[in-house]
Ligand code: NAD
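What follows is one chain in structure tokens, specifically the form predicted alone.
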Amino acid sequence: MKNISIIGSTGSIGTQALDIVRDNNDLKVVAMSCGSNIDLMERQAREFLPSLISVSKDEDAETLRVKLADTGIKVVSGMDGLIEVATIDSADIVLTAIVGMIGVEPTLAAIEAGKDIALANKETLVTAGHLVMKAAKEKGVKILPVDSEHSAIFQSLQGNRRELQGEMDNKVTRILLTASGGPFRGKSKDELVDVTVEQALKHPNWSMGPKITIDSASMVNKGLEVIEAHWLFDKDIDEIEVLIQPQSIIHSAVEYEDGAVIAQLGTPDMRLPIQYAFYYPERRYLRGDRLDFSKIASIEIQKPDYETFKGIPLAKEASRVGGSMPTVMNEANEHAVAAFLAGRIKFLEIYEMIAYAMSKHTVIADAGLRDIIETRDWTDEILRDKYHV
């Protein structure tokens, strides 16, 4: 039996993770958290009977305590509650499926408690990759990527090990990080001026939460994933190349020094990387569609349009500067996406807000956790002052 704690159980990744738990009787959910979707949390709690759940607000926690009084489930709240879910003694692995920088502290706490991490929260490595990877090495815990692209890279690296030692053997010269291109692939800057929230939320291939879907439309998500890949796989930012693969068949690939390219292909199904992280290194049967090569006439590859979609260049710039700058880039994006979803700014202003915050920041070279949190708050403040959103 493997015990799992899920941070963000009511979101897209969390609900798909619970589908995997339903299909495998050797997985048990011992703790889970959500933001404010307490109706779904109540249903999940009654179905999976974890010993602990956490929600964002104290008043929602009190509501759930009353509703779940007959179950004996402990209900907590706030950041302290998230950390309690992340560090619960009975968990073997923690799935960080929460969106945003809020995932940094519970992830670091889970590592400190010796838990393996199934990482679906890219912002954790974007803003605190230097802290997370160092802590994981010191504690001897695994960081198992759940993003489809990073899982694909991770899977493509599995044959590259010295027998029994688990060490890298052959030199990887490039990481090829794929992107679907989102709903606006091929659009010009002029065509993006007045796009609506509804248009931006219509992703052609993947079913994701609103924030990640907007990030896909702007391609900021791919910029964040470049930084994430830099930390996960210890590769220079310029050794990570982004390719547009509109069909979402090639999920990513690695190139070795002899020119061989090993890729992971499949249907666009997030349950595969989630399950692979839960059972690594074992592969288990997963119900669902299979890739039918007889129906694939071609696999399309394109280069990104960095002039229109500025998410990747902004992220690479932030990563090259390092220190606290990736936190500014990430938090400015979170702030801007929230404003766009609320109808307060236009789509292209997302890039403008990110660039403005980065231009005003004085970098903290060796940023600790407190520096990262203070930088996040500074970014929000400067954007509110400038844009009034």
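The model shown is predicted, which means the values in this text are computed figures rather than measured ones. So that there is no doubt, residue numbering starts at 1 and follows the sequence shown.
Omitted here: the form predicted together with this ligand. The next part is about that form.
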Please pick, from Ile240, Ile88, Ile102, Leu272, the one residue with any non-hydrogen atom lying within 4.5 angstroms of this ligand in the predicted complex. Ile102
In the predicted complex, the residue from Leu52, Cys34, Met325, Val29 with a non-hydrogen atom within 4.5 Å of this ligand is Cys34
Mind checking whether each of Gly8, Lys122 and Asp147 has a heavy atom within 4.5 Å of this ligand in the predicted complex? yes
Tell me, please, which stretch of 92-100, 256-264, 292-300, 129-137 lies within 4.5 angstroms of this ligand in the predicted complex when heavy atoms are compared? 92-100
Wondering, does Asn24 line up within 4.5 Å of this ligand in the predicted complex on heavy atoms? no
Does Thr63 reach this ligand in the predicted complex if we count a contact as any heavy atom within 4.5 Å? no
Decide whether Leu177 counts as a contact residue for this ligand in the predicted complex under a heavy atom distance cut-off of 4.5 Å. no
Contact of Leu232 with this ligand in the predicted complex (heavy atom, 4.5 Å): no
